[in-house]
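A single chain, nothing else alongside it, follows as structure tokens in the form predicted on its own.
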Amino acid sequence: MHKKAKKLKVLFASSEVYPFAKSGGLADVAYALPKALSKKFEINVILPLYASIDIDKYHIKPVKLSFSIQMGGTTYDILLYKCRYKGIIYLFVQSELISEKEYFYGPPDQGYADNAVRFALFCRAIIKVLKEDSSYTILHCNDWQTALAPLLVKEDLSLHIKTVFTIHNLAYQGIFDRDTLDEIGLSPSYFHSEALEYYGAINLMKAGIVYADSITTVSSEYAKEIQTQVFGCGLEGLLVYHRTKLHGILNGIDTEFFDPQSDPLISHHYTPSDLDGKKSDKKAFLKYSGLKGAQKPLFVFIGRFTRQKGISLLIEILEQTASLEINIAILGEGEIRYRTQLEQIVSLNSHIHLFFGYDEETSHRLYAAGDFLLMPSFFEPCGLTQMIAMRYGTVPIVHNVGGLKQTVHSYKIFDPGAKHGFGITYSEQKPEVLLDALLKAVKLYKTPFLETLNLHNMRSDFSWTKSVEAYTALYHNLEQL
């Protein structure tokens, strides 16, 4: 009788993971991808223990391992915590520097000045965990906050770990003053263009790109885009140089968590064969928000108030929607200037409702109630919002870039046999083009074809299945190196 093959052991590192700490889509991916991978691998997830994490709620307990880290002439004490949630073991790094702040990264308009030191310390704690447990085969890092870890693995000759670095959003690179190199305990030898130097500063994202054994990003379209000047954010040359280890693997969504048939956060459940519950969800939401007119199309926006998400473009057309028989609900948080502009517009327009601050339940209610999702992102590495919306029978209106281009195809070329979803797409980032897309949606709302789109989108596969296959192949290939 053959012995059952032992599963590879993976340590998945992220600065945020749902439900413990979430500021955006990274947290959703860092929850759902390890969960999906756990069927094929033994996988642990490691993240900082922020002050806002409820250790009692999630039964997070300290483990015996505690240690000190010397970095930049300073000694930092580290405590390791642990819990099991939904079958996955989570490790939490606790340190005064990392943990005792109000925000994960800083207030909405700026990051903390010591973020380089905070997350370098997190990376060094990750290395300590790897050294204490020699059974790990793969370290999978995510975005700039964990990008130093692949470099540190290469520095430590006692570690025989292969590293994967995933770029979720190239726009956030972790750029700091040159002097920070000393504070994070790295040699000045790293200060050159083929390592961390970046126009006289240091760039932590570069550490992941240069030193990881494999780089992934969250859609094949974005993998192509970031090798161009338009979307490369100054790193396009470096990414072209390392393109042989760059792979685009499309994100999925947790189809158990985002499921209108069983979602505990929505008022009424529904299926592709019975959409009555969606109509009831819309009525319940309108009553909750104070918006009037269930017969009107409901447009929803769910996202951060940043330039990337196209909120400035949406703000430019909102007042022009006053003459239309529509309702608009906006949920998000971010830059104060956008909140101020939105609040002023909403105060003068009864057909628009604003929810400021992120709330998981409200987002689910919007997905279920909405007829159309507004997603006018200037760039979008993958995007989860459009996939969740389609899962709930809400037609996305998207700018034709990145992961949006890959997951949402124009309803004008609808193919009932297609595996992907359909919506309203546009290619020019201009207010009048976005407004025209909205007007197309108003016309579409009055036709039976809207339900055809909804039923197709709800039945489409937005799960992690294909992504897991790609990551499985990637991990096993790295193991053989």
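These figures come from a predicted structure and were not determined experimentally. All residue numbers refer to positions in the sequence shown, first residue = 1.
This protein has a second form, the form predicted together with a small molecule, left out of what is shown; the following refers to that one.
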Counting non-hydrogen atoms within 4.5 angstroms of the small molecule in the predicted bound form, say which of G357, G293, P107, G237 makes the cut.
G357
Exactly one of E333, E319, E155, D133 has a non-hydrogen atom within 4.5 Å of the small molecule in the predicted bound form; which residue is it?
E333
Does any part of Q308 reach within 4.5 Å of the small molecule in the predicted bound form? Heavy atoms only, please.
yes
Given that the partner is absent here, does L26 sit within 4.5 Å of the small molecule in the predicted bound form, heavy atoms only?
yes
I209 versus the small molecule, in the predicted bound form: is there a non-hydrogen atom within 4.5 Å?
no
So in the predicted bound form, is the small molecule close enough to F299 to count as touching (4.5 Å, heavy atoms)?
no
Using a 4.5 Å heavy atom cut-off, indicate which stretch of 176-184, 125-133, 373-381, 267-275 touches the small molecule in the predicted bound form.
373-381
